[in-house]
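Take a look at this single chain in C-alpha cells; it is the form predicted alone.
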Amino acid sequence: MHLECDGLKYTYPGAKAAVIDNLCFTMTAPGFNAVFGPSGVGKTSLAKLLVSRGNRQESCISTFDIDTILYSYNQERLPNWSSIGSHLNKICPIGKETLKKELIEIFKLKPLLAARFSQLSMGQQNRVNLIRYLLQEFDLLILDESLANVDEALRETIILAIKTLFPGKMFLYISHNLMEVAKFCREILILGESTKQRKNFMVRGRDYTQGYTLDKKAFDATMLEIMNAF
C-alpha cells in the first residue's frame, strides 16, 4: 500500500490564500497513520481531496494498492425513522454479520440498538457511524474526528480493536489529541502555519498495539517532536 502527495495545493473558491500549499508526503503499509494540527490548517480539506481522488484524476495524489477510499467524519447524521439496530442490519453486507455483532460489542452499543439516532449522545452517534464504515469494503478509511466525544478508555479499546480486526487496511486518523496520535499512529503528518512551506514534515509515532509495552521515554520524545514542529 502506498499513498503519496507531491506538491498538492488547494484554495477554497473566493479565498486569497491556499489552505494547502505544496504539500508533499508519503505513507506506506497498512495500519494507523495520522494527520495532526490545529483547526483551519487543511486537515479536512486534505481528507476530502483524497476521497475525490476516486472520482477525478488528481495528478499530485497517487496511490498503489488503494482502490476504495472512505471518509468518516464527526457529527455525520443518520435517518431517524428506524432503530439503530435495524439500520445496521440493513446496511450490513452479506457475510459480515459476525463482524457487525463483534463491533457492536466492542463499541458498547448493544443496549442502544432499539434507540433512534436522535436519542443518542454525540459520542454514541459517532460510534454508530464508524461501525457503518467499518462494515463496508475499503482499502483506506479516513477517520476525521470520528471518535470525538467518546471517553478516553473506550476510544483506546476501539482503536486497538480496529488495528487487530483490520490488519491489512490503511487508516488515516485526523485528531486534535496529541497523546492519542503519538501513541497509536505509525506515520504522522504535521500540518500547521509554521509547516506550510516545508516540503515534508513527518513524525514517526509509537504505533502502540494490544499486548505491546509502551516505551514511556520514547513516547514523551515523540510528543515533544510533534510539538516542536509548530
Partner chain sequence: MLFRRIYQFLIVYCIGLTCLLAIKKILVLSDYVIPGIPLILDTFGQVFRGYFFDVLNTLSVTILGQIISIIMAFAVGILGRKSSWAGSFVKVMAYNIQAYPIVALAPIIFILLGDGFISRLLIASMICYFPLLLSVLGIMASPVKDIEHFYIATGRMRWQLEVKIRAFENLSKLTTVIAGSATLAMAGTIVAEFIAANAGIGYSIRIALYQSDLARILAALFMIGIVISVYQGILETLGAQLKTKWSAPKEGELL
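If you're wondering where the values come from, they're calculated on a predicted model, not measured in any experiment. Numbering follows the first chain given and starts at 1.
Same protein, other form: the form predicted together with its partner chain, not shown, and the subject of what follows.
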statement: Answer key: of 156, 145, 139, 76, within 4.5 Å of its partner chain in the predicted complex (heavy atoms) is 76
field: Any non-hydrogen atom of residue 98 within 4.5 angstroms of its partner chain in the predicted complex
entry: no
- prompt: With the cut-off set at 4.5 Å between non-hydrogen atoms, does residue 118 touch its partner chain in the predicted complex?
  reply: yes
- request: Would you check, heavy atoms only and a 4.5 Å threshold, whether residue 108 touches its partner chain in the predicted complex?
  value: no
- request: Classify residue 160 as contacting or not contacting its partner chain in the predicted complex by the rule of any non-hydrogen atom within 4.5 angstroms, answering yes or no.
  value: no
task: Go through 132-146 residue by residue and record those having a heavy atom within 4.5 Å of its partner chain in the predicted complex; state none if no residue qualifies.
output: 132, 133, 136
